[in-house]
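Given next, in structure tokens, is a single chain: the form predicted on its own.
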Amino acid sequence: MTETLDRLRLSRLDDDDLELLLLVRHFELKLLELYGRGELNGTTHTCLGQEYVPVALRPLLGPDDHVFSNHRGHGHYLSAFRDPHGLLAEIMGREGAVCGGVGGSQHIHRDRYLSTGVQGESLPVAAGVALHLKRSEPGALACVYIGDGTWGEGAVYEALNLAALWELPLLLVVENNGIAQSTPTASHMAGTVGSRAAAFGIRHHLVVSGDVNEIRASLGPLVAEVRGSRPLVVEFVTHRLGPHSKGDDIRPAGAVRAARDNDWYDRYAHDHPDQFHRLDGLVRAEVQAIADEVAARPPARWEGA
């Protein structure tokens, strides 16, 4: 990607938004630490560097909306439910887990929230749910998160075709971090996300800012139109700060440095130091306490549907 995030001063957030951003950041860092110590099994994909995306969208989505997440979805879940205890218990396989410890890091179901690690699987399901919402719950929408790598899946185009033909209340959020596992976007994707959306007559909105308040202001009217059955593709030009999964980062040093240079965390600390440092230590301590408490729980027991 040639675009970079807006380097202007970030606007000041209210404490609630900043606390949520910091919660997602320190939750993800704690996961990598636990994996590094051998205290977690399987794999995980953190959203380090991309936390601001679901936080910005949070007040634009309501309890009647359906949210479909992907393999890099901890921030999506925490923004929807603010439940670090249940999510960590799920990943650790401890009592109190969201899905009884059988979903792990990638496969979470709660109320109208569903995540899956299978690339592209959520989009046709979201289109079907959007059709149901249009018929039975007008005003509600289906929001689905995908990455740039998912645009190699045929299901994406089948779903976009139906969304356009049937005028579905579908909000497609693309977190374009410029790399699909270990392959740069320029090496696997011809054209642009915007041009592919345009091929179906679907609106495309590009977000290059990392400013939560600015993003909300620009997206508010557009999301309202989605509720009136006008599908929308919102593409965030963002950066993946951490590895693809828990430890497989083979990017060149320059790419990692660019991600860090554009990271909201240090930028916000620089722009609003008093507020940042007042809350950062508190949230860091909160996440440590959560990790200690959850780790002390007995193993989760699956009791069936």
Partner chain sequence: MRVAENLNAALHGLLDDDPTAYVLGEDITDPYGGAFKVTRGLSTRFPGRVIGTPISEGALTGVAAGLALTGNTAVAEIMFGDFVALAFDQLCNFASKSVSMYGRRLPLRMVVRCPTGGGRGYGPTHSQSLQKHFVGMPGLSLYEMSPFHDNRAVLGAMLERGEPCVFFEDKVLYTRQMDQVDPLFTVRRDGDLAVVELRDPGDRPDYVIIAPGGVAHRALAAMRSLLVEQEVSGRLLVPSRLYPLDVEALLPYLGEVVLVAEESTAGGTWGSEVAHLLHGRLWDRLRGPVRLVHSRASVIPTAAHLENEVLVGESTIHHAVREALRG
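Residue numbers count along the first chain shown, from 1. In this text the structure is predicted, and so the values were computed from the model without any measurement.
The next section is about a form of this same protein that is not shown, the form predicted in complex with its partner chain.
Its partner chain in the model of the complex comes within 4.5 Å of a heavy atom belonging to residue 68. Although the partner is absent here, residue 81 lies well away from its partner chain in the model of the complex, with no heavy atom inside 4.5 Å. Within 4.5 Å of some heavy atom of its partner chain in the model of the complex lies at least one heavy atom of residue 116.
Although the partner is absent here, residue 152 is not a contact residue: none of its heavy atoms lies within 4.5 angstroms of its partner chain in the model of the complex. Not one of 258, 283 and 285 places a heavy atom within 4.5 Å of its partner chain in the model of the complex. A heavy atom within 4.5 Å of its partner chain in the model of the complex is found for one listed residue only; from 143, 127, 234, 212, this is 127. Only one of 202, 226, 98, 92 lies close to its partner chain in the model of the complex, with a heavy atom inside 4.5 Å, and it is 98. Heavy atoms within 4.5 Å of its partner chain in the model of the complex are found in exactly one of 160-168, 193-201, 143-151, 216-224, that being 160-168. Shown here without its partner chain, the chain has 128, 129, 131, 132, 135 in 128-156 lying with a heavy atom within 4.5 Å of that partner in the model of the complex.
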